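This document opens with one chain alone, in structure tokens, the form predicted alone.
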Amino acid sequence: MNVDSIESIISKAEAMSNQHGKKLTPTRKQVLIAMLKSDKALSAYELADSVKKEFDRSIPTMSVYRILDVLMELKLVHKMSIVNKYVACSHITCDHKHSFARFLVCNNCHKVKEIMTNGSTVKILQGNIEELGFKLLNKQLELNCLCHECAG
């Protein structure tokens, strides 16, 4: 990702943060930038290492987890439960609302691609869930995959 793209995303992320009464602090920005520069999901430990390498700043892992909680609350970051790692939202700069994200997660290298699902698919899935006596708590869907490089 080029510098202009990252600056544009950070600018939008700051505006989103301000709208929700939160501040995108320098440390939160650094964690988000580290995520934007990665093409794969990262653990809190990997993010702490990335920030150390990129910005020469040590952040305790517990602080990274707190930062990730804020970034998830702002919908700037998603947690990939399937690999217990985090990825920056690929739709931060979009102006329209996203209702249902699907993630293709490589089981081997943890590369993640975010794709959106249309409304009718979501309604059918929610109907099926309710018919079976369940309530959907999280609309995030993670698909365990192998990327082309790993499937090789």
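Quick note: we count residues from 1 along the sequence shown, nothing fancier. None of the values given here were measured: they were computed from a predicted structure.
Not pictured, yet referred to below: the form predicted in complex with a further copy of the same chain.
Peer 1: Can G127 be called a contact residue for a further copy of the same chain in the model of the complex at 4.5 Å between heavy atoms?
Peer 2: Taking the distances in the model of the complex, the answer for G127 is yes, it comes within 4.5 Å of a further copy of the same chain.
Peer 1: Though only this chain appears here, would I6 touch a further copy of the same chain in the model of the complex if you measure heavy atom gaps against 4.5 Å?
Peer 2: Taking the distances in the model of the complex, the answer for I6 is no, it never comes within 4.5 Å of a further copy of the same chain.
Peer 1: Given that a further copy of the same chain is not shown alongside this chain, does N138 nevertheless sit within 4.5 Å of it in the model of the complex, heavy atom to heavy atom?
Peer 2: N138: contacts a further copy of the same chain in the model of the complex.
Peer 1: Does a further copy of the same chain come within 4.5 Å of any heavy atom of G21 in the model of the complex?
Peer 2: Taking the distances in the model of the complex, the answer for G21 is no, it never comes within 4.5 Å of a further copy of the same chain.
Peer 1: Among 61-69, 103-111, 41-49, 27-35, which stretch sits within 4.5 Å of a further copy of the same chain in the model of the complex, heavy atoms only?
Peer 2: Looking at the partner contacts, the answer comes out as 103-111.
Peer 1: Using the arrangement in the model of the complex, list in sequence order the residues of 7-38 with any heavy atom within 4.5 angstroms of a further copy of the same chain.
Peer 2: Result: empty, none.
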